[in-house]
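The chain that follows stands alone, in the form predicted on its own, written as structure tokens.
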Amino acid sequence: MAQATIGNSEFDRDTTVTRRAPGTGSAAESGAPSAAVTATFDADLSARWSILKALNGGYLLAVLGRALGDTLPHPDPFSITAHYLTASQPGPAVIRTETVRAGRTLSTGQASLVQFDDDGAEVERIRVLATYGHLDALPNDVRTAATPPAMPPYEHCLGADDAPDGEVPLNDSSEIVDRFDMRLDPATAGWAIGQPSGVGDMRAWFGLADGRDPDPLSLLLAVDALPPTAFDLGLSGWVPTVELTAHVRRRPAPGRLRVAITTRNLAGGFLEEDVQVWDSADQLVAQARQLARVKLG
């Protein structure tokens, strides 16, 4: 099978948004003044990116990120913050975008994804505020104390096929597993055999299963693609995201990514996850932090 390419892959097809002609429905549907909405898009959210019957937050962020990239005068997400209001379901969705400010080097926009319940009532799923720019225009000046995560080579890490039957909480309930070429660092995979470390770390080599190379949009998926750190803390079940902020720092080099996630505080039924994404050239290409809810007891 030929390797998929950027723009011609399962990820690209499943994050497609179709812009409506100006003046077709957006203001009337939202009840907002017509000047408040600059563009309306239709999307068909794919069940292939679901986890425990709900759609993955990183996949949804990429869908909204694509709509904003088609709205704003700058092409690349620099910073994007999403609040997940209700669980998105596979199927039709409407995305409304608004340009908040357009400057010479940066532009800011907001977007809202809505679906409709069985009675036809509109339900807002996600609301996003984002800043976009040109990654290729950034100066090549890096001063950092951050270092790539120390991990075994890809071939010495663990994939879904390496787990004992019935041991991995997501194997039988997640379509998304088949979308990824992901291999976990054995030091952070003890939870899969009932031996979580209790530290709250997760590290993995990450790519898309069809071989598509990473780009700024797919980095929005990568920051929320690994199993939750709650598993390494000895917890199981769905860990829904409340809020996720992603920073795209550089355009990634071709090849697999390394993703490292840490949680240092679980309190009151919520935890934070801090994410670093490194590319094949040892560049820190994305960072993220999210607040997520966990099931205790």
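Note that residue numbering begins at 1 and tracks the sequence as displayed. Keep in mind it's a predicted model, so treat the numbers as computed, not measured.
This next part talks about the form predicted together with another copy of the chain, which is not shown.
J.: Spell out, yes or no, whether the shortest heavy atom distance between A189 and another copy of the chain in the predicted bound form is within 4.5 Å.
T.: Judged by the heavy-atom cut-off of 4.5 Å, A189 is well away from another copy of the chain in the predicted bound form.
J.: Quick one: does Q110 come within 4.5 Å of another copy of the chain in the predicted bound form, counting heavy atoms only?
T.: Taking the distances in the predicted bound form, the answer for Q110 is yes, it comes within 4.5 Å of another copy of the chain.
J.: Although another copy of the chain is absent from this view, report whether R289 comes within 4.5 Å of it in the predicted bound form, heavy atoms only.
T.: Within the cut-off, so yes.
J.: With the cut-off set at 4.5 Å between non-hydrogen atoms, does D118 touch another copy of the chain in the predicted bound form?
T.: So D118 does not count as contacting another copy of the chain.
J.: Would you confirm whether the three residues F78, R264 and G268 all fall within 4.5 Å of another copy of the chain in the predicted bound form, going by non-hydrogen atoms?
T.: So, yes: the whole triplet contacts another copy of the chain.
J.: Quick one: from E175, D185, D215, E98, grab the residue that has a heavy atom within 4.5 Å of another copy of the chain in the predicted bound form.
T.: Contact check passes for E98.
J.: Please pick out the stretch from 102-110, 150-158, 89-97, 215-223 that is in contact with another copy of the chain in the predicted bound form, where contact means heavy atoms within 4.5 Å.
T.: Among the listed stretches, the partner-contacting one is 102-110.
J.: Give, in sequence order, every residue of 109-131 that has a heavy atom within 4.5 Å of another copy of the chain in the predicted bound form, or say none if there are no such residues.
T.: Going through 109-131 in order - heavy atoms within 4.5 Å of another copy of the chain in the predicted bound form - the hits are Q110, E124, R127, V128, L129, A130, T131.
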